[in-house]
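As structure tokens, one chain now follows by itself in the form predicted alone.
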């Protein structure tokens, strides 16, 4: 096992799943090619089926059947973590998630536990092309009884997954594929400029800022998969433009409760929300709406949104980079907002 200070995000997730299997005898991991030696498309479950061959189950290619099977296990009192090989394929199991898992919690006349996590490797910047690189989080925002979480390099995956299972309600867990090979925050060269603190709340907020700088000119709120790109934008904004940014990374994207951010928003007055999705009915729009409702008096200008443009995602790396949100895009928006 890697030392905590050098651990990669994917290693941390593998460790989290191994710990959960040891702690929870009724937990099952289910998905395509999860068993050894493959360990899933990105190796996140590698080694786990050897230790728990009856509870780490490889399945045929049928996303709808996989999630339906997991829902059945949860209804029978077991716990289930499903791996959808690429989050793009979550559309194939949308019916089981939205019409069964989320509704089963309340539609039988009494509360029903549904300890189910659907893990979704998501996002681009790896050249996988239009159908394997999307960020579809927005399609699961606003579904009653369904929470949406995202893996980040600043949160502990074991604590997040355990909290979801303990809640007894189904949840999506999006995992930016680029993060798997990255070092966790604090273990990579270049992180030294920033510090991280936790302010908690139901969304389990992590706040990153420039060391020794108390002020914040702009607050940037972004899912965990964008953490490295936000830090890149923050670095450029501070070192070249003397703009101090605080980055807020929630573990839970939805439901979104901004209350713990009030002091931070009041201090900066300017908020930018960044996401990889295309515009239109997005998580970022939900965050902006919530902040406008609850914190309008604390803002010096409306919340600014930054999304990917309305395009399919190319496979060619230079074209893909032009479509997806990058650190330079974040810095440009932050600089414009700070000057507004």
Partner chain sequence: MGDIRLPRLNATDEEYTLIEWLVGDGAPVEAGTAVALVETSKAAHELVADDAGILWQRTSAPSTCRPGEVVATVGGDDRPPPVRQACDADPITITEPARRLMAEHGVAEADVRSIGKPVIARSDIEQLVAGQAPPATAERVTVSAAQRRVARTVSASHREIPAAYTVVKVVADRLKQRLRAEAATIGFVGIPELVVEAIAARRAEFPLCFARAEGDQAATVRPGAHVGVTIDVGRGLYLPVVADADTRPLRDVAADLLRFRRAAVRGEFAEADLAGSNIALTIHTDADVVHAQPLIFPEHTCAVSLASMQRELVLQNDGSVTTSDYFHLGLAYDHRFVNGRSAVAFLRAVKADLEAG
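Positions refer to the first chain, counted from 1. The structure displayed is predicted, hence computed values, not measured ones.
There is also a form predicted together with its partner chain; it is not shown, and the following applies to it.
A.B. asks: Checking a candidate spot here: are 8, 46 and 212 all in contact with its partner chain in the predicted complex (at least one heavy atom each within 4.5 Å)?
C.D. replies: Every residue of the candidate spot has a heavy atom within 4.5 Å of its partner chain in the predicted complex.
A.B. asks: Please identify, from 126 to 134, 145 to 153, 261 to 269, 167 to 175, the stretch that has a heavy atom within 4.5 Å of its partner chain in the predicted complex.
C.D. replies: Among the listed stretches, the partner-contacting one is 126 to 134.
A.B. asks: Can you check whether residue 197 is within 4.5 Å of its partner chain in the predicted complex, heavy atom basis?
C.D. replies: Residue-level check for residue 197: no, no contact with its partner chain.
A.B. asks: With heavy atoms only and a cut-off of 4.5 Å, decide whether residue 42 touches its partner chain in the predicted complex.
C.D. replies: Contact with its partner chain, yes.
A.B. asks: Residue 183 near its partner chain in the predicted complex, any heavy atom under 4.5 Å?
C.D. replies: Residue 183: contacts its partner chain in the predicted complex.
A.B. asks: Taking heavy atoms and a 4.5 Å cut-off, does residue 240 contact its partner chain in the predicted complex?
C.D. replies: Taking the distances in the predicted complex, the answer for residue 240 is yes, it comes within 4.5 Å of its partner chain.
A.B. asks: Please identify the residue among 98, 202, 193, 75 with any heavy atom within 4.5 Å of its partner chain in the predicted complex.
C.D. replies: Of the listed residues, the single hit is 193.
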